[in-house]
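Taking the form predicted on its own, here's one chain by itself in structure tokens.
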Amino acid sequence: MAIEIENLWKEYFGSIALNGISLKIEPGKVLGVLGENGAGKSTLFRILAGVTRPTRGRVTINGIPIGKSTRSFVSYLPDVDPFDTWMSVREMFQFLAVFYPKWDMPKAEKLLDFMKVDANKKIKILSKGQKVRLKLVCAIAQRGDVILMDEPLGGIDPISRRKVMEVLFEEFRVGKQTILIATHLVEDVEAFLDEVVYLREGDIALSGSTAQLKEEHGKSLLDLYEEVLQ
């Protein structure tokens, strides 16, 4: 699904989180939203997920303004734990299956096995890394047409990050799902991105296709990250 952002602003008590950004994302693309903490990544994702309202500007998915009507096809993985910790993992899956018509239980269970998370355990006793892996499973099992992943690899050890990303992208419907990944761990996601946006203090500092930016600047996305943002 196509995403169109026009002159998007978000202010919190006089502090500007997004500074009138505009962006078009084509259907089926994988976009990396890269930036340091406080750059505006999480604010942008909360707006796209319909969790936060913009101060002004226009945001649509397939021409539909962000709201209740878009939540049914958007899967959102926030940067904080969204779980009811008194539930077991299996109980949470059963709960989510009621609210998400496209919930794929076989896929959820398959990924849970790969992520080495016990379905019978209470969420409150899972480690930080296991909770992060569980969030990833939930985001994919919802089978959204748009997937928003905010810092999906935080809490996962460096050795496992690449393998986790490879398995996740095996499950995505390539070309059919539009995927946005917000992160500062550029090296771990670079190989999976079609396009990138570098956010700095609520502004777009640089954007374009991965191949185009690498060719024009003769640098990796990580090198560009350090040059543009630091």
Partner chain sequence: MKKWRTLFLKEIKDSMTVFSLLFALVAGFEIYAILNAGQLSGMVLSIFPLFIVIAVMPLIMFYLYPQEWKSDARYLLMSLPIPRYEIGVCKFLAVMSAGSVLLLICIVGIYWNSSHFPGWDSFNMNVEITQDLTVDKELGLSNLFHSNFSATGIFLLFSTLYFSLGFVIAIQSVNLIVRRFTFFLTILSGISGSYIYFKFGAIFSSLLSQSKIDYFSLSAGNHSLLQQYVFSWSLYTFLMGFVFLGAGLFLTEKYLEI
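For clarity, every value in this text was computed on a predicted model and none was experimentally measured. Residue numbers count along the first chain shown, from 1.
The same protein also exists as the form predicted in complex with the partner chain; that form is not shown, yet it is the one meant from here on.
Although the partner is absent from this view, L96 contacts the partner chain in the predicted complex, with a non-hydrogen atom inside 4.5 angstroms. A residue is said to contact a partner when one of its heavy atoms sits within 4.5 Å of a partner heavy atom; A119 fails this definition for the partner chain in the predicted complex, lying far away. Taking the partner from the other structure, the partner chain in the predicted complex has a heavy atom within 4.5 Å of a heavy atom of D81. When the partner chain is considered in the predicted complex, K131 lies well away from it, no heavy atom lying within 4.5 Å.
Heavy atoms within 4.5 Å of the partner chain in the predicted complex belong, among the stretches 56-64, 160-168, 28-36, 42-50, to residues of 42-50. Checked against the partner chain in the predicted complex, the residues V137, V146, M92, L126 give one hit for a heavy atom within 4.5 Å, which is M92. Taking a 4.5 Å heavy atom cutoff to the partner chain in the predicted complex, the contacting residues in 7-32 are K10, Y12, F13.
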